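Encoded as structure tokens, the following chain is the form predicted alone, with no partner shown.
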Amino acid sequence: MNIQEIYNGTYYVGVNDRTTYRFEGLWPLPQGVSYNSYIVKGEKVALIDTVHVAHSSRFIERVKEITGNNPIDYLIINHMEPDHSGSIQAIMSAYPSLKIIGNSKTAAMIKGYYGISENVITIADGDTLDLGGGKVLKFYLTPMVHWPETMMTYVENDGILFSGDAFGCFGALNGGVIDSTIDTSQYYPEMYRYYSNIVAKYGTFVQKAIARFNDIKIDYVCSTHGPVWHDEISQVVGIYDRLSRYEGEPGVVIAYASMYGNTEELADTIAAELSRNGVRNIRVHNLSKTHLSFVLADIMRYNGLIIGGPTYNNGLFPEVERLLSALKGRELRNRYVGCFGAGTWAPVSSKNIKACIDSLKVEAVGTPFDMKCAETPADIEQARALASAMAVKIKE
């Protein structure tokens, strides 16, 4: 069993999932994912969130290892997404006397998903729940991080924040749970990818949530995915803070599609010129091969972006169009963006990409251009000019 005490009567009772191929049916999980749940023991016992229904039996075994034959008094629901609420019915069957704690939007979703309306206690922002034994829980409503009902629960005397999906990341927990006991380097790339694909649209609300805890002592951040953060809280909050302000690190992502390799040559020409101009962080992605989730993670991380692709059916190449749609859905801003295209007999790609760029809150860089057929000296010159213009912005 992976039962671990986090601090002073707070326990981890989550589970790992190394079987699911795609999170939300969209995002690959090469390192799996954890569904985190916690127990806080005072004179009464509170369970914080549940896990995906596929793991409910294992989850209940872990809960019982902590509680034994004693009851659970409260189930705190910070987030109703089914990967966290899916075992509500199972836990209620095991502990029929427990009371569910959530806000008004939570209560409506519990009834909608699971038909449960009895023994549900509705709390408001700032309400507290005294478990006895010095354990007082305080509730903070944090709507749209990243659902409307999301909230966080804080153990006042112990400085423990149960943050829901905020500060989470992909990646199963391989033995240890707390950051001080594990190699956390594997989780930071997955944090960028998690934020970029799950939370990115809601940066304004993440900022509001972060601001609420500026003056509160927090020694442990217990998210619903990934490690419990203790030693590295400042790094983790810093990443979420920067990403939610759409603040990019110096670097350029080149995201391209190429049917027969000619557009790819332009992408390589641009990358080489960026390097000659002193740009060190360059990430080149073939949109037909690299999953969109990894491309978006780099775009959210770095402040420069160049998009290229061939004309397709007199419009955008499908994978380029998919990327642009994703950027619009995430309301990308505060980026320098350039583009190029290609087409043998109807080269309109750069025009269409530029139109999408202009709909975002970004700064267009360089002169868009289209290559006809294969790369020529003139095309190379335009590619180098685009790269040089981007390098100037990045170095600023």
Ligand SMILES: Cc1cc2nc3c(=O)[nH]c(=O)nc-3n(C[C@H](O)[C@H](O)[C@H](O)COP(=O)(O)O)c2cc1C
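Small disclaimer: the values here were computed from a predicted structure and weren't measured. When you see a residue number, it is the position in the sequence shown, counting from 1.
Quick note: we don't show the form predicted in complex with this ligand, though the next part is all about it.
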property: Location of this ligand contact in the predicted complex, chosen stretch of 305-313, 122-130, 199-207, 142-150 [non-hydrogen atom, 4.5 Å]; result: 305-313
property: Thr269, Asn262, Asn103, Thr184 - the one with a heavy atom within 4.5 Å of this ligand in the predicted complex; result: Asn262
property: This ligand: the contacting residue among Gly42, Gly366, Gly32, Gly343 in the predicted complex [heavy atom, 4.5 Å]; result: Gly343
property: 4.5 angstroms heavy atom contact with this ligand in the predicted complex for Ala378; result: no
property: Ser293, heavy atom within 4.5 angstroms of this ligand in the predicted complex; result: no
property: Touches this ligand in the predicted complex: Ala385 (any heavy atom, 4.5 Å); result: no
property: Residues of 366-383 having any heavy atom within 4.5 Å of this ligand in the predicted complex, listed in sequence order; result: Cys373
